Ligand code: NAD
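Next up: just one chain, as structure tokens, the form predicted on its own.
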């Protein structure tokens, strides 16, 4: 019987390290420990909880290079980007705590007869099941609002990147009371056992398929869920767009982190009048990217996280080519887990690569003849996480953006909002959401206390 979880470098195929697997039989007791710890943790104020966690910021900053190196080794992200993720989390740690605290402050509503105060109370025990593509950031965005709201947390990070998650968890636990934050190590089996356990909220970031299973399991006992389920993000390039800027964005957002980003640009719709110029510009940019060792600072794109992920991306590419797509760049055979940045044109919605999440470094370009057609194509997906529209006439581009069925959309930029905005998907890209005032409050129970107006 396997008793440990190995973490394997997708570039060198060497073992990065291992952790003891959490026995499935122990998970109910682990949740029970978190339940016992919840009483003491909820009894202290938000200010006291923040005081416990604030010192972790300095420790995370001190360990950022090590955490980034471990992340890069586990999932193949270029080292510079991986360390950047760790530094981003450390640098924003205290501000995030303060943002959560502000969101959880009671507020009042009143009418002619009643004064009501809305309070935010802990839910109890939160299960946080986090992904491998941003193994530090997504863990932090799940754990901090849960803890500051007064919940205890049981985490189950991805089996692809368990070591860096375990190290992050260990740093936070230097400053937390016993059993307020507990880590479970394992794969889908441990995740299923945690979902089936006596937790009050399940926070999950990952595939739509797994999210549907979690929703079904949670629904049977009416447990709450926050599910971020990826996307198939469209980019609409209008006939008056700045082609260089649109191509810069398309290449960056299609190929960053080897395309392993939930808001990666996976479908590009370009006005037929500017299609050739746009295609050439994207190809030029793709040709500048360097595949290689993630530890090499000149590397633009590291390997896919696993052979399985590479196989899925290659299947999508080969299926599209078989069905008539034109290869503009890439698709040359690569050793190991690498997939070359690939640019396809002549794609259509009968192709799997335009319907299912690819999660790889592929830019798929389809032409349109009218804005109505572009909007219809962009909305023709069960996903609805992010989108972007590029056009010189900002009013016109904004009108197009407002017609897209996504939770987030950018005009002449990416989809991420200003500081304090939630990270939110529409349709099958999510149930609930996180970040910002509205997102932070989803980790708490609203309680309305009302009195007669004197």
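These figures come from a predicted structure and were not determined experimentally. Numbering follows the first chain given and starts at 1.
The form predicted together with ligand NAD is left out here; the points below concern that form.
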> Within 4.5 Å of ligand NAD in the model of the complex, do 96, 150 and 433 each have at least one heavy atom?
Replying inline: no
> With a 4.5 Å heavy atom cut-off, would you call residue 157 a contact of ligand NAD in the model of the complex?
Replying inline: yes
>> Taking any heavy atom pair closer than or equal to 4.5 Å as contact, tell me whether residue 192 reaches ligand NAD in the model of the complex.
In response: yes
> Even though ligand NAD is not shown here, does residue 357 get within 4.5 Å of it in the model of the complex, heavy atoms only?
Replying inline: yes
> Given that the partner is absent here, does residue 279 sit within 4.5 Å of ligand NAD in the model of the complex, heavy atoms only?
Replying inline: no
> Residues in which of 173-181, 71-79, 206-214, 86-94 have heavy atoms within 4.5 Å of ligand NAD in the model of the complex?
Replying inline: 206-214
>> Counting any non-hydrogen atom inside 4.5 Å, which residue from 187, 372, 110, 242 sits next to ligand NAD in the model of the complex?
In response: 187
> Though ligand NAD is not shown, can you say which of 144, 125, 378, 129 has a heavy atom within 4.5 Å of it in the model of the complex?
Replying inline: 129
> Counting only heavy atoms, which residues in 253-290 are within 4.5 Å of ligand NAD in the model of the complex?
Replying inline: 262
